[in-house]
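There is one chain below, alone, in structure tokens, taken in the form predicted alone.
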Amino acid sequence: MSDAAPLLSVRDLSVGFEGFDGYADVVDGVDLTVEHGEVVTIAGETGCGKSVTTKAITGLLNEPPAHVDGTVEFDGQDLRELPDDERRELNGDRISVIFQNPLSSLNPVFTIGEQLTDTAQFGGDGNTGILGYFRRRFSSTDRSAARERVLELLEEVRMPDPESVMDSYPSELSGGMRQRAIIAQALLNEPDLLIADEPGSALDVTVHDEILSLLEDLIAERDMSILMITHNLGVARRLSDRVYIMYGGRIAETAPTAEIFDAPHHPYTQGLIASIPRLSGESMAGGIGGSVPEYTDPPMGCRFHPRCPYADESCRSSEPADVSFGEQARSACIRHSDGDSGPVPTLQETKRRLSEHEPTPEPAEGNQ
């Protein structure tokens, strides 16, 4: 690991929402880092708080109804202390986001060319003003240069017939073409950090693989720092240098990618890996029963304990501390810090136990 400070450092990040059903404690004390030139993935089931975490990092949550606490430092700057206009400028210039649904991320009433050329001209510039906008918007020299830049990026992301796409509306493009347009838009201002939220998740298998291959090539060519969100462990394994496993709004485990697949420590991580389909036709027995917790009334102690085949009373009463397994690996499981619990169970043992385990229902009166 480099001695230089991380490009992104998140400490004790918590996010909650006021709602009709009460206060939802969605993200609870998350710590994570992204080094310069590193690809980091947050992985976990749908509903584990992954996307909310990235929205809090980028300042895209409205406060209220969201309540955000913690520290988010980007290149030494505390983003949560920046004025709104400076943060918007940073988001448009040095931090870019590839959102989960490209159709909802593109304006349906403007062509792809108009939207991406505006990004090339004004992205990151939050102080243009209305007169400055129209002056530059209708400057043939500025507009022509921006358009050429967009065409270069569309070619780089392997967009079929870029000239025709520039004059097309989002509804006229296929899902894969819209995804390529969003990736090109995110790269227009040469960001230092790219956040990719489930890239290609809504696409068919063939196009999804093409998008992943494109991201692989862009990562290799540009040496970018990337924070990626996915529920697909195959994507994490293929693209990441390091993985954070998230469950119930908390980080359950983190390690370099090879380590987390070769020697997972947390029962939740082991359960996720045991659930991956095998081409050999091996039985899927060993998947995790139950579902993610209700955030308005999350379980006491370890949030995974109702679904964990190793849970005991200490898991229900005490929140587990992080235990280190080498320089970059750590796991939050009480078994790791309890000298009487024995060695970390193997993936095979956890898979067997999960196949026999019935998730524990929470008491009707809550988790008191």
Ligand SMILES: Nc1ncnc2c1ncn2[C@@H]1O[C@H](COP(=O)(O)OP(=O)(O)O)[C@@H](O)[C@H]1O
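Numbering starts at 1 and follows the sequence shown. Here the structure is a predicted model, which means the values were calculated and not measured.
The form predicted in complex with this ligand is left out here; the points below concern that form.
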Report task. Could you work out which of N189, Q100, N232, Q121 is the residue within 4.5 angstroms of this ligand in the predicted bound form, going by heavy atoms? Result -> Q100
Requested in this report: May I ask you to choose, among V26, V30, A56, V39, the residue with a heavy atom within 4.5 Å of this ligand in the predicted bound form?
Outcome: V26
Query raised in the report: Are any of the heavy atoms in F74 no more than 4.5 Å from a heavy atom of this ligand in the predicted bound form?
Result: no
Query raised in the report: According to a 4.5 angstroms non-hydrogen atom cut-off, is G70 in contact with this ligand in the predicted bound form?
Result: no
Query raised in the report: Are any of the heavy atoms in G47 no more than 4.5 Å from a heavy atom of this ligand in the predicted bound form?
Result: yes
Query raised in the report: in the predicted bound form, does V34 have a heavy atom within 4.5 Å of this ligand?
Result: no
Report summary line: Near this ligand in the predicted bound form, with a heavy atom at 4.5 Å or closer, the residues from 71 to 88 are none
